Every structure is written in C-alpha cells, then in structure tokens.
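The data below hold one chain only, encoded as structure tokens and taken in the form predicted alone.
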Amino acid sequence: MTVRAPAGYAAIVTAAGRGTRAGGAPKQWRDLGGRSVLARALDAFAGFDRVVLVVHPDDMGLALRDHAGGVTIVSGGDTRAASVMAGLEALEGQATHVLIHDGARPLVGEAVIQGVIDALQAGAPAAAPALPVTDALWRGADNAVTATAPRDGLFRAQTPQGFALDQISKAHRLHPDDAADDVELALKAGVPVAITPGSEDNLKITFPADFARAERILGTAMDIRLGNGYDVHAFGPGDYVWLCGVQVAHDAGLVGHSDADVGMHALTDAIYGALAEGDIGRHFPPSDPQWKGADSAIFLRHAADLARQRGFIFGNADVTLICEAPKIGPHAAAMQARLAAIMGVDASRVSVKATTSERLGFTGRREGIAAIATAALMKA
C-alpha cells in the first residue's frame, strides 16, 4: 500500500550524484532485486500528486526513458544543495509542502513517510526521520582509537525530510553553500525540525556491501532452485545391482553404459535440472567409451561440485526407488550415507526410500528398476 499524500504535498527525489564509493555505475541506476535503486525510491512516492526527480545532466536521457510518466525531471547542479534547489524551483507555486528524499534510499517504508507527513500536518514547520545512536562512538586516527565521544542525544539522519515549501526554499537561498542535508540548511535559517521515527531498513546505498544488505531486506537475494530427475534401467545378467552407491545382492544385474545406478542417475539429473544444466548425457556422453562401466559417483560428485561453484548449498535431496525387488529398506541408511558423502552434505539432508508399482508396468513385471529424485538448491 502506498502513502497517499495530502493535497499540496509534493516530493523531490535527488539522484544527481555519481555514487563512486558504491563501485561500478552510479548507484541509483544499478539493479536491486530486478529493478533499479532509483525506481524503488520513486515507488514510495507514487501517492503524491507531484514528484520531481533531479538527475545528473548526463543521465537525462536515461531518466526520460525510464521515469517520464507522472514525474517532472530536472537537471541537478554541482552540489546536493544546488540539485535540491533545482527541484524546489520546479515546484514553485505548485505545492505547500515538500518531502525531499535521497534516491539512494530505495527501501523507505510507508511508516517513515507517514510519520513525516503527520508531523507536518500537526503543525511542525519541518520534520525528518532519524534513529538514535546506540553504538559507542570513538574518534580515531591512523587506524587507532584516539578518544571516545558521548552518544547521548545523537541521531542518525534519514530521509525523506519534510518542510513547508516556502521556508525550505528561503533557507536554500539564504545559504546556497552545500550542506550534509536539508535539515542543516533549515536550522541555519532558524527553522525548527521535529524528529520522527526512522527505520533500520531505510538504509542509504553507499558502499558495495550495502547492495547485499538491501537485497537481504527485500528478500530477493535468496535464489531457490528445484530440480527433478527420472531414470530407468532394465535388468540383465548378474548377481548384484548398484543402487545409490551401495552394492545390493540380487538375482540379476542392471544394464547400462556406466554402472547403471538408477538412483544416483536420477539424483544427478535432478541437480543438473536445478542448475538448468541438462542431464548426465550432456556432461558424460554415453558415446564416449571412457564412461563405460564408470562409477556413477563421478557423475553425482560433478553435479554437486558444479552447484557449489555456482554458490548454491543443498537444502535437501530425495530419492525414491521403484521396484518389486530387491528389498531397499535394509540398505536405505547405507544409501543415504553414501549419497551424502559423495555430495559433501550432512546425511540429514538426503532421503532414500522405495515403493513398488503394485505389480503393474515394467517394474511390476520385474523387468527393471525406476527412480525419481528431487533436489533443492539455495543461494543466499
């Protein structure tokens, strides 16, 4: 739900800085969970009748392409104060109050914005959100603490900062030099500023690590993948079968190019599927003689290593063997342990179970064994 601003209330979103400390392209234009930082900041003020976006002259074309609808776009100046002044001039005669917000704060919440509006509506000439400083404060030089400083009465300033439009415009004209924020200029002009509740989520993107923090707050950083695998091998000559890495005595063997471990093949394909990496045949072609009779642990280990190289961890893996015989129950724990060891995960994340097909189909006729598997991968 978007905050609906009262009549006469406008917003200015400043995005004219270069943001070099964040690394790469200007931070306000960089992606955050599928949308730009600036787009998310602008979204918070969709309930305002008038929104002015202040951008660097070099970014005017980009701004007109992405944000032309419902937003007045103006070029900023050489300083933050000059950029805000450009926005204020665009609002002259069109609003009574203005909220000024940093375009590098993409996660400002409704409660923060509403708190500023409520304070202005209650008669405060200016209001701004902040959080009290709770950490100990030091002074330092050359990577050493030189003194401590009291934190009593100190706050961490946030935006949007709200003002009567005529008063903040006058404050900018009286003090055209740059300032840390608009509250500083208001105080210089003698305008009292009320403190309203801020939010820890209302962070300002400044350094590269701030993007990761913002994504955690959004909940979009978690990449969860599910993959399914299915495999079948027919019975043939032999007196044992390989199932999930365990040799099980039986009155027949399984026919395949490798060791025909149907359970491990299904699980390997499930992992490849979660990674959008095809199947075993893509990575280990059956036409290649080097894989004739190969231990299927090679395939599963490759898939698991590939997942880790991509930054994923295993949520869980589940394998179901479908056969009338041999009996799987006596070997399930050993199979579970073997698969976990190959994948490099705790055995509690791997399940091996079995079912019959009630004597229906090829498995019911004891012509072979089928397996289905599911793998869940996660990336924080």
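Residue indices: 1-based, along the sequence shown. Since this is a predicted model, take the numbers as computed values, not measurements.
The following text describes the form predicted in complex with a small molecule, which does not appear among the structures shown.
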Can you tell me which of 153-161, 119-127, 294-302, 257-265 lies within 4.5 Å of the small molecule in the model of the complex, counting heavy atoms only? 153-161
Is it the case that D223, R225 and K379 all touch the small molecule in the model of the complex, with a non-hydrogen atom of each within 4.5 angstroms? no
Even though the small molecule is not shown here, does E215 get within 4.5 Å of it in the model of the complex, heavy atoms only? no
Though only this chain appears here, would D231 touch the small molecule in the model of the complex if you measure heavy atom gaps against 4.5 Å? no
In the model of the complex, does D102 come within 4.5 Å of the small molecule, counting heavy atoms only? yes
Given that the partner is absent here, does K204 sit within 4.5 Å of the small molecule in the model of the complex, heavy atoms only? yes
Which residue among D166, E110, D251, D181 has a heavy atom within 4.5 angstroms of the small molecule in the model of the complex? D181
